[in-house]
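Just the one chain here, the form predicted on its own, laid out as structure tokens.
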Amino acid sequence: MNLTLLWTDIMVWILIFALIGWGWVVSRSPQVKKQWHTIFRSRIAMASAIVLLFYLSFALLDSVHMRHTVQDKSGHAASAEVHYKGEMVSLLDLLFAHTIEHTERTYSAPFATHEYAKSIVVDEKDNVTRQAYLPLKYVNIPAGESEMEDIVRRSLGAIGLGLFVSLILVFLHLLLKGKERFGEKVRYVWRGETELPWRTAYLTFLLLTVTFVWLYVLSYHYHVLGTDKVGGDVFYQSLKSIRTGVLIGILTTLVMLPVSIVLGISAGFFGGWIDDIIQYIYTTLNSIPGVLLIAAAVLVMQVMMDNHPQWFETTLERSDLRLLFLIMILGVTSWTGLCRLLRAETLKISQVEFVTAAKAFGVSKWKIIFRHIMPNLMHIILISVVLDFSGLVLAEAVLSYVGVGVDPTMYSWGNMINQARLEMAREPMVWWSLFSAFIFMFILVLAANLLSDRVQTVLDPRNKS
């Protein structure tokens, strides 16, 4: 087995390490630390952050890829030279290997034991054809039990396991947190007397963990969210789509931020012809319809990739490069709003007394930017980043729906919704693919919006009376 990192894997892990470094810097600054404490004193913000961390953990599990070596029947390498299989798998794929193997023939509803539509079968005794609901290949109910009894029995065991796992993790966190005695910490959390709303955080974590463990355990015996047209498990597809949504939301911001910050501050601080050129660029870019610009760029990229198939060893590498290009294109087309905001704020800060005094004392312009301008713009940048995240997740779904988003072979909520468009028109209606994509995307976007509201309330100086 060989560890293989895709381009987006590298970017997302660099971002994670950068966030850890930023967290360390924040922990050394009492003022910034106090601001973040104020943000997370809200129960809604704390619960939203736990939900976002839950989604992020799935995205990270799906961002470690590897390729298996080709082995002979005895389990040894097929030759002295090591060869790798064409298929690339992630840690999430290994965790859900059973759902990949349990591919059915066609559609089946959530928790169903038979296919969703009738098939023509030949009765061997009478040699006549008839229509019947065929049983699913990988759903087996123990003899002597009904489907409901089996689901209830397995659900009770799964919920018990989920409670056990989540309580163990909560107790470990309580043990490592703070210097008080364990009993006191439990009592404070139970009464809700802690500085941060840890009771809300633990309850949210417990709810998410129990739900996931319940669905995961039952996925060994049922297709908990049904199957699609080719029998693929919809629960697995929904979890795989988390990586695409989270990466587009986070990495596009990473591409957009440097351009917005450099051009916005330069336009506002230096003024003159620099300001004119930057204003001309973002005004021109804003005049072009964004969807058309993205569609044109995606089509050019698609033609280039089709003409150079030798660039990719696997289908996953090809779809990952298209995802990377889409992130770049979204970053290039979405920096203008933040740039405009930063230019206006820089113009205002440039006129205040401490900046004027710094200029009078001959402090260099770069020092003024880094010591006086940028620190006073950080709240705008942070608020904009959190607000843009949910918009970018929805943008991916819309672009994939109209056919200019991620590669059709890549798991994404947009592709699931696009495929569900035809399924909704058939009779009987297949609703679970659209429902699953909607619920997973709705929870992520809602959590991001609630957290961004709190960040805006705390960090925006205009809200301080």
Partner chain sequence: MLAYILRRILYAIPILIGVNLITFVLFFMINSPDDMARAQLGAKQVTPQMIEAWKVEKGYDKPLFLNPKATGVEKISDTLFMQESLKLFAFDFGFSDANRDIGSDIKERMGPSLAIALPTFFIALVTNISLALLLVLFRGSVLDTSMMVIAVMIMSISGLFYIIAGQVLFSKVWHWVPISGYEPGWSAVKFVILPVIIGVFAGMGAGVRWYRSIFLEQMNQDYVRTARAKGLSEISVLFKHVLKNGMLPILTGVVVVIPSLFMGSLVMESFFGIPGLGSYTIDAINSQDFAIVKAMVFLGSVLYIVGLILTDISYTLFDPRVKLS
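Residue numbers count along the first chain shown, from 1. Owing to the predicted nature of the structure, the values given are computational and were not obtained by experimental measurement.
Below: the form predicted together with its partner chain, not depicted.
With respect to its partner chain in the predicted bound form, the three residues I14, I16 and Q310 uniformly fall beyond 4.5 angstroms at the level of their nearest heavy atom. Using a 4.5 angstroms limit between non-hydrogen atoms, A297 touches its partner chain in the predicted bound form.
Put simply, L161 is far from its partner chain in the predicted bound form: not one heavy atom of it is within 4.5 Å.
Using a 4.5 angstroms limit between non-hydrogen atoms, G144 is distant from its partner chain in the predicted bound form. Contact annotation for F442: at least one heavy atom lies within 4.5 Å of its partner chain in the predicted bound form.
For the candidate set A357, V122, I168, I288, a heavy atom within 4.5 Å of its partner chain in the predicted bound form is found for exactly one residue, namely I288. A heavy atom within 4.5 Å of its partner chain in the predicted bound form is found for exactly one of L53, V32, M66, V402: V402. Contact annotation: its partner chain lies within 4.5 Å of heavy atoms from the stretch 394-402 in the predicted bound form, the single such stretch among 394-402, 24-32, 45-53, 58-66.
Residues of 92-120 include none with a non-hydrogen atom no more than 4.5 angstroms from its partner chain in the predicted bound form.
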